[in-house]
Each structure stands twice: as C-alpha cells, then as structure tokens.
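The chain that follows stands alone, in the form predicted on its own, written as structure tokens.
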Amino acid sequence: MEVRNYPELKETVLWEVLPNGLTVAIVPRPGFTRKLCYFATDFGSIHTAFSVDGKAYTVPEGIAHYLEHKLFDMPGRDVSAEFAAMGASVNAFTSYDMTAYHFTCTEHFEDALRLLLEFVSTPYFTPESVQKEQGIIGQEIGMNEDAPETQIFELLMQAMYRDHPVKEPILGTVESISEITPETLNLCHRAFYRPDNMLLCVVGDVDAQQVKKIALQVIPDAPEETVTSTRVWQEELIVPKSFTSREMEVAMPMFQLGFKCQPLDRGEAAVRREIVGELAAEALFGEASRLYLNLYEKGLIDASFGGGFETVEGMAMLTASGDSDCPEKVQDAILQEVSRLTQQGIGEENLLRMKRSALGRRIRGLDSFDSVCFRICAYYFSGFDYFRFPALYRDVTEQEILDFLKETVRTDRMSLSVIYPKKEEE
C-alpha cells in the first residue's frame, strides 16, 4: 500500500486502489482497542439524473436515502442483530452528496468488516418490502416537517436555489418516494454502488493486508458499464426569493440567513476557497467579532447565534443563524459590518488568531475517529487529500477574505428564512 506521511500532524495514511476498483484508506491507531470503518459511495440526494452506457435516467427525489434504508434488508437475516452479536454498532447516513455505512467495534473487527461489505454490496428489494418502507420513511418525513431546525434550512434552500437539487429535501417527499420501485433501487445500486465509485476507510489498530483480502473476497469487480451523473447545474447567483417564513411551535423567532456563493470545483483550489469562506465567517460571525459583540449587547442575538461556510457539490453559501426577535435588524447589521470590514480590513493580529483557532479545531478533530473517517471520505470524493489542510491555512491572505466578503455579501445573493412562533388563536 502507498504510505503517506504527514509529519506536521503526526499522521500516516495507507492508500491503495484494489484490482476490483475499490479505493482503501487506512489510518493506523496503534494500541487503540476501538476500530471504526466507513464504506462510502459518491452518491447522495442530489444525484437523481444520470446515464448508464448512454441511456439517461431520472429517479425520484429521496431515493439515495431510501436505498440506504433498504440495503439493511437481507433475505432471512437481521443485519443489525448480527453486528450486535459481535459487539459492534452499525449505522448509516445519507447527505446531499454522499452515503456512508459505518460500524465501530473493539472485537471481531474482521467479521464485522466482512458483514458490512456483504450487506452493502447485496441489493435485495421485494415489492412488499419496498412498499412497507414507504410508510416508515413517510413517518420520518413527517417528523422532519415538524422539526423547526430542519424546516428553516429547507425553506432557505427553496428560496435560494431554483435549479440545483439541494432545494429538495434529502428524504424526498411523501409523493416522490411513492414512485420508488425495486427496479429503480436496483438501477441506482448498479450505477453508484460500484467499487470504483466507493471508498473503504478504516481507523484503528488493524491488519491492513487482512482489510484488503476481505475487500477483494467480498466485493465483486466493478462492472464495465459507463456511468455519467449530472454534476453541474445551471444556477444563477441571484436568489429567486429574498425572504421566506412560516409559523411553528417555537418559543421565539428562529432565523437562517444565506448568501449564495460561486460553487466550488474540485481539488486543492476548491478546498482553499472553502477555507477562505470559513475564515470569512469567523471574521464576520465569530464570538470574538465586533458584529457578534455589538448584536449581543443590543439583545438582538443570544448564544445560539453563529455562522459558517456550507458546501455541497455544485453549491456553496455563507450562512448565519440563531434566535432573534428582530431577524431583519440582524441582517441589516451584517450588511453594514461587511461594508466596514472591506474598508477597514481585518488586521494582521486578528487574521493570525482566526487562522490558529480554525486550524486548531481541525487538528483537534483528528482525535475523533468519526471525524477522521467522515472527512477523509468527503474530501476524497472532492478530489483532495484531507490531511494536507494545514498548508492551505498558512497561505490564505487577508485580501482573499475581504474579496470573498465583498463578492458574496450582497443583497441580490441574500435570502432570509424565519420560523415565527404560532399566533395564539383568539
């Protein structure tokens, strides 16, 4: 296996592309009893349009999450119970642009690995089980529709994006999942759960050769079909709608403000841009920022306020959110603060502090097996070796951050989503 050393982080990662097409990444943790494994595919809720050998397909919204649920079904077996019998804990998640299956254990790692690879690589869909799942996921959709934290973000996406599929919920809708059939699930599994579209990432004290051996034994070779997925969407930077709201059972108004950014590409340049966005959010919304302190003193925000830079394949945005009785005043204050920052600058001392803080958070994240696995997978699918991030922080300049803020924080790229408390019936 290729050995990549990162002396600054005191990390080593073993990489190899196996003959069956699967990429394997192993992060050794000698002496640790806990082991964590991710088996991830470059397939999320936004990937609903694709072609196989030149034939075009469009599948229902929510199918990536639906497929994640159904892969736990194996004929005559209870996958979760089998993991539990080994003392392992298994789970999975679907995001906008990735699906991952993962387990953690202290014993029986190789047996658990074999089971993980087996059930994810074995599609088994009957009409009866697919129909039954519609009710289960329909209940999950209903729960999300009653969750203010979910609704405020989904409302914002619908206001900000006209064409990008991020405007659709990851779970889909009750109507869209009713269109899912065993045939469409098999199609998506064939197109995206192929080893050359997946990454197996392990963190722990494991035998790398055994990991490779099991992966070659269980996972079939990648099919010779050519799969092309829609990865670029024609999306204007001007938002379709500047304000959206609804009433829900909340104690005080919740808001999320978004500024639409130029989508990131792939590789190092994209990650550098992500870091610029992260530092811009820190300069503008961080707890030590002038804006945060002023808004807090005026009682316009509380400790729930914060911001960041969010990316999904084909989209990016600067966001701020929190609780406030006057979300519009917070929005106005943000616009004014950007105007001041772009004129007066951030200052060398503040920039150095922000870089150290942001870099420190990432380095501390390496202590978490879950964070390491997740980030290795996510950045791998974006064409970047995650452990190369320290050098990018050092190179970011104050002018890059100011240019980013000036380009991004504009009224025509801005949308505000608010959840108001329900009015009492008279």
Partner chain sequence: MIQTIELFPGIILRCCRSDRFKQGCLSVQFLRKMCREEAAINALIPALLLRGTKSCPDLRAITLRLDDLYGAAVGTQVRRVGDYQTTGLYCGFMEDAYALPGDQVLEPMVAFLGELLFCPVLENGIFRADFVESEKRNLSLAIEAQRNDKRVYAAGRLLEKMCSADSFGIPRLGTREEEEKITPQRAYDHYRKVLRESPVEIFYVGAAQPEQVAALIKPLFARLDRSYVNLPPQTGFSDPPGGSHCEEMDVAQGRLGMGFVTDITLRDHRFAAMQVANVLFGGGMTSKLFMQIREEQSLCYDIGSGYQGSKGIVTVTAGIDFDKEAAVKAQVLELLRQCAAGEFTEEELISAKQALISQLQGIHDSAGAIENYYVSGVLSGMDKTPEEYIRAVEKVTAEAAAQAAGTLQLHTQYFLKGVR
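Positions refer to the first chain, counted from 1. Just so it is clear, the model here is predicted, and its values are computed rather than measured.
Form predicted in complex with the partner chain: not shown, discussed below.
I'd like to check something about residue 343: if you look in the predicted bound form, is any of its heavy atoms closer than or equal to 4.5 Å to a heavy atom of the partner chain?
Heavy-atom contact with the partner chain at 4.5 Å: absent for residue 343.
Against the partner chain in the predicted bound form, would residue 52 count as a contact residue? Criterion: heavy atoms within 4.5 Å.
Contact with the partner chain, no.
Closest heavy atom of residue 179 to the partner chain in the predicted bound form, within 4.5 Å or not?
Flag for residue 179 set to no.
Please tell me whether any heavy atom belonging to residue 34 falls inside 4.5 Å of a heavy atom of the partner chain, as the geometry stands in the predicted bound form.
Contact check for residue 34: yes, within 4.5 Å of the partner chain in the predicted bound form.
Which pick from 353, 241, 266, 162 sits with a heavy atom within 4.5 Å of the partner chain in the predicted bound form?
Only one option qualifies, and that one is 353.
Looking at 75, 220, 299, 347, which has any heavy atom no more than 4.5 Å from the partner chain in the predicted bound form?
Flagged contact: 299.
Would the partner chain be touched by all three of 132, 140 and 250 in the predicted bound form, meaning a heavy atom each within 4.5 Å?
Every residue of the candidate spot has a heavy atom within 4.5 Å of the partner chain in the predicted bound form.
Looking at 310 to 318, 212 to 220, 144 to 152, 112 to 120, which lies within 4.5 angstroms of the partner chain in the predicted bound form, counting heavy atoms?
Heavy atoms within 4.5 Å of the partner chain in the predicted bound form occur in 144 to 152.
With the partner chain taken in the predicted bound form, which residues across 288 to 307 come within 4.5 angstroms through any non-hydrogen atom?
Stretch hits, in order: 288, 289, 290, 292, 293, 296, 297, 299, 302, 303.
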